[in-house]
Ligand code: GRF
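Only one chain is given next, in structure tokens, and it is the form predicted alone.
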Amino acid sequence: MNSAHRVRLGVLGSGKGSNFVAIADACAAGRLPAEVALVLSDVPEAGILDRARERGLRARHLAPGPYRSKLDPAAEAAYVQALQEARVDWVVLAGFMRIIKEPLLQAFPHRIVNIHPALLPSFPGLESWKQALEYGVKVTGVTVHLVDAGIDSGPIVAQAPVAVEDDDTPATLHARIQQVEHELYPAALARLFTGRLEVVGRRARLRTPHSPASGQTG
């Protein structure tokens, strides 16, 4: 696809950046009709910044402010400004460990996406694979969802299951979940960018140009 028609992504992350790598590689291979315009992290030494710079992509640390679980208002305004200056169409969260609030939600309505290592609404929050293992479920999985003001509560775009084996540890289960994440996230984003998203109540639905229109479009 011609770069003039590629969706411009802003990626936010706090950690090693394995999901970012899967997305960037899918963009480079043409499996995802998008380009990474900017990578931002709230952690100055985050691996995601190194992975972006290795690929020649713009990457910056932006200080999050004093709170542990969210950006302070000035910081969130700085994130919005940086993303808008980069002419970002969609914001993709790749291990970003901050709750998103109104400035970002208003700047990119129905255009912020996250991936969660469980089958939501089960096991929201941190270390979901540990929650699943401790609860004793036989199947957990991965969810791609739109972001709202809650914690892992936005409309669901795509899900994939991961079996929990009898001899799993938190580390082995997490590793298999991550393998599925790296496949599901780029594929779900590709569907978002080549279809049309409808948000009807809590439901996020994708339709192709040949599907009948219905409901409220996002």
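In this text, residue numbers run from 1 along the sequence as written. Predicted model only: the values in this text are computed from it and were never measured.
One more form of this protein, predicted together with this ligand, exists but is not displayed; see below.
Three-residue candidate spot 15, 94 and 174; every residue lies within 4.5 angstroms of this ligand in the predicted complex by at least one non-hydrogen atom. Remark: of stretches 98-106, 131-139, 114-122, 77-85, the one touching this ligand in the predicted complex is 114-122 (heavy atom within 4.5 Å). In the predicted complex, this ligand sits within 4.5 Å of a heavy atom belonging to residue 178.
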